[in-house]
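This document opens with one chain alone, in structure tokens, the form predicted on its own.
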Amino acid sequence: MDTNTIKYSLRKYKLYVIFGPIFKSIEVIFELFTPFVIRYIIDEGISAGLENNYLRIIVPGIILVLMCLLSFGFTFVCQYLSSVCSQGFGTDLRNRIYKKIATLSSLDLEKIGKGNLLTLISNDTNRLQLGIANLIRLAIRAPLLVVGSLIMSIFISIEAFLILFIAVIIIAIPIILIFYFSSRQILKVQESIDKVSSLSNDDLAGARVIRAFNKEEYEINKFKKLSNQYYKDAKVNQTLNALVNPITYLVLNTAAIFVVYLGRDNIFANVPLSAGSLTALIQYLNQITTALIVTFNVVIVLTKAQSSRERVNDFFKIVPSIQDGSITNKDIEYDENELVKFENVSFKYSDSEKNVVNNLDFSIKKGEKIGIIGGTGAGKTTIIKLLERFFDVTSGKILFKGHDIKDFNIKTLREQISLVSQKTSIFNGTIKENVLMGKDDISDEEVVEALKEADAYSFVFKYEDNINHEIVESGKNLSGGQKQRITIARALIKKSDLLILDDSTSALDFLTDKKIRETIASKKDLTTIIISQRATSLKECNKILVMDKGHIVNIGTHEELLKNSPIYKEIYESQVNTHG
């Protein structure tokens, strides 16, 4: 992939980038000649008297109108090209960023941070969009207007040109200094807004927890501290930028006074300037003033865009920590006695010295029902993360159908595994659309069948629009148990070789949990891994792995573990005694 993302994304819009400034340059030429036409009207038409001079007013007036219309036309085309290019570029870039995110592992995403990713898609992309728009519309226009106005002033008065030229030089020095310090301050402002964005996302996601623990005031103060820091950084930046206009107007208005004085009594050549020439010079002076201010603002926009460009390109330079393998055939032959095999597997996070799981050795046959149980932090869910290749093992090997899972194309591997995670993920859309995430080329009848198997049919068909019932953001119009049953239906409809239920029935009552387990147990060829805190949910498994502190401490059937595993026996008896 081309890491120079901006250049890559602009390739399809190169004609817009080329022709936009060309049309804008033509518009500037008309704008530069306008004061000369007005000068002619004043000097040759109005000042000379109206008698027999109408043509000297009407004809240049018509020319002036035509120039304005043509200028408008060229400006309109430039604005159109700029809008299409910048908006198209922004859309393409967002799509590429989102596509890149999809290729990154869970570890990569954790390192980058949710707040930074959201900033890339929104704030940074918007800045680059604005930068492209300004580049096409104004980056050529403003400097060309300054230089053109200076050149045109030569034809009116060399002395006036010298005054304007000196004024531009005087303005340029403080503006360059302001730009230098402002560009450095922009980076601080960006860092501050990243922190505010990240905290906002965390607080919105954890709003219930914050309220449950009465931590609203603590989080408000925390946010206020970051917000105040952003205010301080932004204030410094805005203060620097605010100096530009006063300095520009002060110097150029002083220059205007000299020009007017020159027009009254030309102290250099003793040739007074005409009213038309003086008016033209004042117009050029106004053009220079506006152009200088616009130039500075464009430079600030482009500086911000450059900062965002570097962040975006750095993001695209990230090499995913999990790479695709070459196996794309999911129907490969294998020994059915070992659908899955863990060989001395250990794993630790890159920023940790301690393993999360240690020396895991076990195998799963096709059609087996495997249970995994253990206390919080025992490493149960880590097994699933490694099997799905959300993370890669630190040492050891995981085999799937006799091959190292690293040799599989990731898409091919995950097509063969259905996962229902402990945290339900429900998306905006209909119930049917959520189920179809498992497999999209199936009929409504198959959707209904999957909902029945997940014991979701009863509540889904209470809605008038049943499977077409709309689910709001994050499934807020569903209970926890209803969301879990929809996610189970989503996994069952996939009809994969391996089904993983990661504590996915925790929100269900015991009767519903039992019904779903019986349905899954009836699928003889379906290999299932069930992670659960309920020992009673694992009683019918072919074997159960008991985990403690990252180790498998016992493997056996329910009856064997009651005899040989103190940890399993303690869990089971505490739950049986609790629930009678």
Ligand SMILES: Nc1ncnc2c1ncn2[C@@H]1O[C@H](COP(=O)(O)OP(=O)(O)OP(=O)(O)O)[C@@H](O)[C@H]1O
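Quantities reported herein were computed from a predicted structural model and do not represent experimental measurements. Heads up: residue numbers just count along the shown sequence, starting at 1.
Separately, the form predicted together with the named molecule exists; it is not shown, and the next lines address it.
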Seminar exercise, completed: Partner-free chain; cross-checking the named molecule in the model of the complex, the single residue of Tyr80, Tyr349, Phe461, Phe258 with a heavy atom within 4.5 Å is Tyr349
For this session: Just give me the single entry in Lys304, Lys380, Lys494, Lys100 that has a non-hydrogen atom within 4.5 angstroms of the named molecule in the model of the complex.
Result: Lys380
Exercise. Which among 372 to 380, 443 to 451, 130 to 138, 427 to 435 is in contact with the named molecule in the model of the complex, heavy atoms within 4.5 angstroms?
Worked result: 372 to 380
Exercise. Closest heavy atom of Leu93 to the named molecule in the model of the complex, within 4.5 Å or not?
Worked result: no
Exercise. Heavy atoms within 4.5 Å of the named molecule in the model of the complex: does Ser200 have any?
Worked result: no
For this session: Give a yes or no for Gln416: in the model of the complex, does one of its heavy atoms lie within 4.5 Å of a heavy atom belonging to the named molecule?
Result: no
For this session: Report yes if any heavy atom of Gln533 sits within 4.5 Å of a heavy atom of the named molecule in the model of the complex; otherwise report no.
Result: yes
Seminar exercise, completed: Residues in 104 to 131 that come within 4.5 Å of the named molecule in the model of the complex by at least one heavy atom, in order, are Glu110
